[in-house]
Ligand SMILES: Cc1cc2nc3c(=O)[nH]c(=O)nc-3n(C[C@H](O)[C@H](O)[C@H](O)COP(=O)(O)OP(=O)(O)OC[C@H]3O[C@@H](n4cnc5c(N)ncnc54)[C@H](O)[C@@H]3O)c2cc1C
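Only one chain comes next, encoded as structure tokens, the form predicted on its own.
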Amino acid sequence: MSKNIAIIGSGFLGLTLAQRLSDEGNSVTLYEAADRIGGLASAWSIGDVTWDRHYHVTLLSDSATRGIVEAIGLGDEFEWVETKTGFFTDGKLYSMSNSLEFLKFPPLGLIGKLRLGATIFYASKVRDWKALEKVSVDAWLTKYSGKKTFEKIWKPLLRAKLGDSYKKTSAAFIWATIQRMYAARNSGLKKEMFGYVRGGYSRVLKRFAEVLHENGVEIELSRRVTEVGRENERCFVLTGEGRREFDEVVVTCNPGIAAKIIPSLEEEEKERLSRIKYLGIVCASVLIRDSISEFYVTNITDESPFTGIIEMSALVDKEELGGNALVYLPKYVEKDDPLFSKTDDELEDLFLGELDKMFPQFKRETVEAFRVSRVKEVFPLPEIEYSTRVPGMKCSVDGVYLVNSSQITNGTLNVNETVLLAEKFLTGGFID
């Protein structure tokens, strides 16, 4: 029997749910507080270019992402490129794109390289990720890679991604990262092949909206939901435009927001939701006339104001970017970090000043545009025994369900994991 269902949030999680549920004949209304769909995957303009607000890539092994893109009719629009990886350490830039370059990597001795390689290989073979949840990531990496390799390689990378919160993070975090990369190499070609849809997520989201409209999905943009609940055997959604009733409501907001907009949750549920800690991001997009390197990703082990360097134009055809290079400079921080209070001009001076130091060939006058995205809650911090604290999808309010990124317990946050989470909910028998 078809139902009238509301979905709160239009990230890829909400979009996938809307598409699948409407395909099954349900009447779906999608609420989004922003003026556009996509959430973290949304696109924006930088200079004369429209591209993704944050950096995204599809791996050959990302079958869920590829499946949903194919479902909306863009499966043939993927471009696949063999990319290279760089490491900036001790003031120098090194290529680390194949086994030979790894063996020549100067900052580590032979024993350190062997232990580092063995750690990565061992992690790729581990299947019991829950056992790794009981061990801190620094203790686990130090045990297998050695203290020197941990201090030289692993610790700077962990701090770049997690800040000082890495000390509270479980080894399951690094396991999930390694598993995804290994799966990509084992999915056909033994190369680092990354993909994107021609036109970027702007094109994907435009087509997604068209498909949803064709399915009769009502998309309510700029509609901030202030309350979700249940009265008189019906669920309701309250916004500034008024109250509407539904058979079921699926809330895809982060846990802290969910706890606020569903006041009738039991206190224990609210407390559980509020305890989940998220990290945020300050991410600069820089449009430059010239490339700064040949690497798609440059990992940084030296002190730096940003996490790493992602040169999207090492993956994406520059014709899609107006002939320019597009570089992302992300920094993952806690939501009260002072970086959030810096102005765009301050961040531009700080970030471009660092590029000046790292790349002698970089010239500020070649910068066409600089824009900053700030999001205070991006992904949950995978602390020790994290999965034991994750909220369930069915809550104490009948007909209201919680489906959000905190429930990704054995993977890292990316579009593929988000789509898989939607499919897990849909196959779980929650909505008949």
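As the structure is a prediction and not an experimental result, all values here were calculated from the model. Residue numbers run from 1 along the displayed sequence.
If you look for the form predicted together with the ligand, you will not find it shown, but the lines that follow are about it.
- 55 is the sole member of 370, 401, 386, 55 with a non-hydrogen atom lying within 4.5 angstroms of the ligand in the predicted complex.
- Exactly one listed residue, out of 272, 277, 152, 223, brings a non-hydrogen atom to within 4.5 Å of the ligand in the predicted complex: 223.
- With the partner left out here, the ligand still marks one of 352-360, 133-141, 107-115, 223-231 in the predicted complex; by a 4.5 Å heavy atom cut-off that stretch is 223-231.
- Heavy atoms of residue 69 never reach within 4.5 Å of the ligand in the predicted complex, leaving it off the interface.
- Put simply, residue 342 is far from the ligand in the predicted complex: not one heavy atom of it is within 4.5 Å.
- At the 4.5 Å threshold, heavy atoms of residue 378 reach the ligand in the predicted complex.
- A residue is said to contact a partner when one of its heavy atoms sits within 4.5 Å of a partner heavy atom; residue 160 fails this definition for the ligand in the predicted complex, lying far away.
- Contact with the ligand in the predicted complex, defined as a heavy atom within 4.5 Å, is made by all three of 13, 41 and 418.
- Contacts between 1-36 and the ligand, taken as any heavy atom within 4.5 Å in the predicted complex, involve 8, 9, 10, 11, 12, 13, 14, 31, 32, 33, 34.
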